[in-house]
Every structure is written in C-alpha cells, then in structure tokens.
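Only one chain is included here, represented as structure tokens and corresponding to the form predicted alone.
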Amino acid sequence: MGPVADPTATAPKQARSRVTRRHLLEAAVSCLAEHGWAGSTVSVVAERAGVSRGAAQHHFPTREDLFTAAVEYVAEERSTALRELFHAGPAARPAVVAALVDLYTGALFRAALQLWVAAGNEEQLRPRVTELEARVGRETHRIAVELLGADESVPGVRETVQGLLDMARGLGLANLLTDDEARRARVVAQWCRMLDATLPDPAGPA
C-alpha cells in the first residue's frame, strides 16, 4: 500500500487559487465599468489582476464565463454587505431606502449595465445575462422586503417595493452622466414618505 496523501498539502494551492479567482472577478468588474464590453478582454483583465492569460482561462474558459461570474460575485458581495448593515432586520426606512439606492450608483451597476448592452448584440451572452439579472433581481427584492418589513400579502405592497427598486435603477442611470446626489436625496425622501403611507412602520410605534 502506497503512502497516504496528506490532504493539507493542497490547502495552500487551493487558497492561492481562490485569491487568484477573486482578483480576476474584481478586475473584470472594474474593467467593464471603466472600458465597457468592447474594451474589456480576458487579456486586459488578467493584466490588471496580475496573472497570466492562461491562469485566467483556467478559472474562466470563456469571456462570457468571466464577466457574468464577475457581476454575480460582486452582486453577492453587495447583498451580503447590505444584510450585515442591517443585521437586526427591519430598520429605519430612510436608511434602508438610501442603502438600496446606493446599490445602483457604483461600479457594480455600471458593469452590469455594460453587460446588458452587450447582451443586446451578443447572442451567446444574452441568455446568461438574462438569467443572471433575474437571479440578482429576485435576491435584491427579497432583501428589500426583509429590510423594509414589508408584508407582500397586502395588495399593492409587492408592487410598491418593486417600484422602489425600479426608481433606484433609474437614479443609477441618471448618475452615470452627472453627479445626481442632490436630486437623488430629494427623490429618496419623497419615496420614504410614500412608503410610510403604504407600509407599516417596521420600527413600530414610538
């Protein structure tokens, strides 16, 4: 009987592989947000991540694999951060609405938007982006319902939450061209008033 392989021997290699994968995903989102689909290739991402093109293709055989995985990875990271920000559950409504809007004003949203545009012209990319957007959208909706303390069994509540997310997406689009912070703050305040009129106060009576 030969020597028994030490399972701990592969641990450093696996750890390095996870780090390399994370660097590639983060670099892919940055490239997509800054340069768009046309300017974001596997080679460009690999160079930014500090790895070889071969190493990048070992983790992600195709360009579509890399960029859809990158947007999904960062979306999951943002969802986790949002839940941790309000780890106790429903919180003050203005803070929740502002945090949800912030999801659509950073590099992740710009990268996702570039994927959407590319999917309109790239047949091989379209089904993957469609499925990804549906999955991320469902998760964001669940988080919004949880943090707002919304009861979707009440008629109109689901549509109100979805309207909030649609509004947040629209504010993210407006912010791509100009710094829209002042107008965004006014819109967020108005949405909070609308939510107060539609949803019960998650914090309960004062």
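In case it trips you up, residue 1 is the first one in the sequence shown, and so on. The structure displayed is predicted, hence computed values, not measured ones.
Only in words, not in the display: the form predicted together with a further copy of the same chain, which the text now covers.
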Exercise. What is the one choice in V42, V51, A69, L171 with a heavy atom within 4.5 Å of a further copy of the same chain in the model of the complex?
Worked result: L171
For this session: Would you kindly say which of A33, A46, I143, A150 lies with a heavy atom within 4.5 Å of a further copy of the same chain in the model of the complex?
Result: A33
For this session: Could you confirm whether S79 comes within 4.5 Å of a further copy of the same chain in the model of the complex, counting heavy atoms only?
Result: no
Exercise. So in the model of the complex, does A95 come within 4.5 Å of a further copy of the same chain, heavy atom to heavy atom?
Worked result: no
For this session: With heavy atoms only and a cut-off of 4.5 Å, decide whether Y73 touches a further copy of the same chain in the model of the complex.
Result: no
Problem set entry | A91, heavy atom within 4.5 angstroms of a further copy of the same chain in the model of the complex | no
Exercise. Can you name the residues of 137-174 that have a heavy atom within 4.5 Å of a further copy of the same chain in the model of the complex?
Worked result: G156, E159, T160, Q162, G163, L164, D166, M167, R169, G170, L171, L173, A174
